[in-house]
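Just one chain is shown here, as structure tokens, and it is the form predicted alone.
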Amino acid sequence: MKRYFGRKIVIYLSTFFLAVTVDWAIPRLMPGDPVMNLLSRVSVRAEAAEAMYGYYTKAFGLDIPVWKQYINFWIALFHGDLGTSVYLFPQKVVDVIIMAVPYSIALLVPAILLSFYAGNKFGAFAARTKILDNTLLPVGYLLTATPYMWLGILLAWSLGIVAGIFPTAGAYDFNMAPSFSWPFIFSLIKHWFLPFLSLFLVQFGGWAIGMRNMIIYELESDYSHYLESLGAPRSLIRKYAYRNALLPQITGLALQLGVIVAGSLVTEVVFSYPGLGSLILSAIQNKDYFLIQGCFLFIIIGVLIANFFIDIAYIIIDPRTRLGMAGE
């Protein structure tokens, strides 16, 4: 058990180091100059522009060699300092991200958990119902093949613009101030629903199709036929089949987390939802190295933590994994 978790910790730390290094390097490979972009948004006299350029370049630590910038980045990171945003100067990157993170979490967590639970349950049920199975296959393939962004646009057009049921932009009504009142909470839910629905539907189709295929395979396996020959209740056989079919789905969830997070970021842009997706887009447009790497750092940490908990869940659900660990 200790050796297993020791290897996992080494793998996660190595992944974190490599991912954060790529996260630091990619913004600096972008064309453009963040300081020039900052100065272009303010009124500066020609004679003062050069002095201000030098001042801001030094203030952001961009006047030193790249390898020193990399070392300083890691030193600052271990002190909890992600730097100052160029786009939203002089705000700290940590403060900007803290404002956006709750919106992204409010989309991702319910969409991932509810789609995984509902998709697997519905796929297992549809596998033994011919009418549902004939319906599930085309609808499920259509949903899982639909890009998050396209479905978001379709939902915004149909339920937002045409039907006028839900708003299509923002996190709450623009004429409201954040508060703990029921009108504000209701406004939050209305603005949240369409981005959530677009994420939920795409993931729901994938999980339903996957579970449907796995359940059919498990029900045709030798142990299912053996239990049936012993006179075991059909409900008991289906219970074992569902539990065994769930294991590959959990593995798939770990592999799909990055795709789901990317889909969430694109969906936020479509609906102008003030989460990390909209923040990353603004940071890229303004060449804000520090805000880009700060946003992706949060995503990297979130995906690694989620994968760690999925590993724990796999150990709890699959007794063979526990036996294998005990035999090490």
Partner chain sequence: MIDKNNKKEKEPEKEDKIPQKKPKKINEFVYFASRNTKLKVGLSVVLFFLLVAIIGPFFTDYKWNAYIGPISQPPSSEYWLGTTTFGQDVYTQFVEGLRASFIVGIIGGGIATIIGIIIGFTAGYRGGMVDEVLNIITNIVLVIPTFALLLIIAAYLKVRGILMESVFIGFTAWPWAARAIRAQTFSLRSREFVDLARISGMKPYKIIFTEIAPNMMSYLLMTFILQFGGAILIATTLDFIGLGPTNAISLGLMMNYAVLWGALEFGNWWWFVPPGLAIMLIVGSLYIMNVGLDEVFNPKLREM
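Residue numbers count along the first chain shown, from 1. For clarity, every value in this text was computed on a predicted model and none was experimentally measured.
Another form, the form predicted together with its partner chain, is not on view; read the next lines as being about it.
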query	finding
Segment that reaches its partner chain in the predicted bound form - one of 176-184, 96-104, 118-126, 247-255, heavy atoms within 4.5 Å	247-255
Contacting member of Leu188, Ile112, Ile153, Leu82, with respect to its partner chain in the predicted bound form [4.5 Å, heavy atom]	Ile153
Its partner chain contact at Pro27 in the predicted bound form, heavy atom, 4.5 Å	yes
4.5 Å heavy atom contact, Thr146 and its partner chain in the predicted bound form	yes
Contact label in the predicted bound form: Gly164 to its partner chain, heavy atom within 4.5 Å	no
Val22, heavy atom within 4.5 angstroms of its partner chain in the predicted bound form	yes
Any residue of 260-290 that, in the predicted bound form, places a heavy atom within 4.5 Å of its partner chain	Ala262, Leu265, Val266, Val269, Val270, Gly277, Ile280, Leu281, Ile284, Gln285, Tyr289
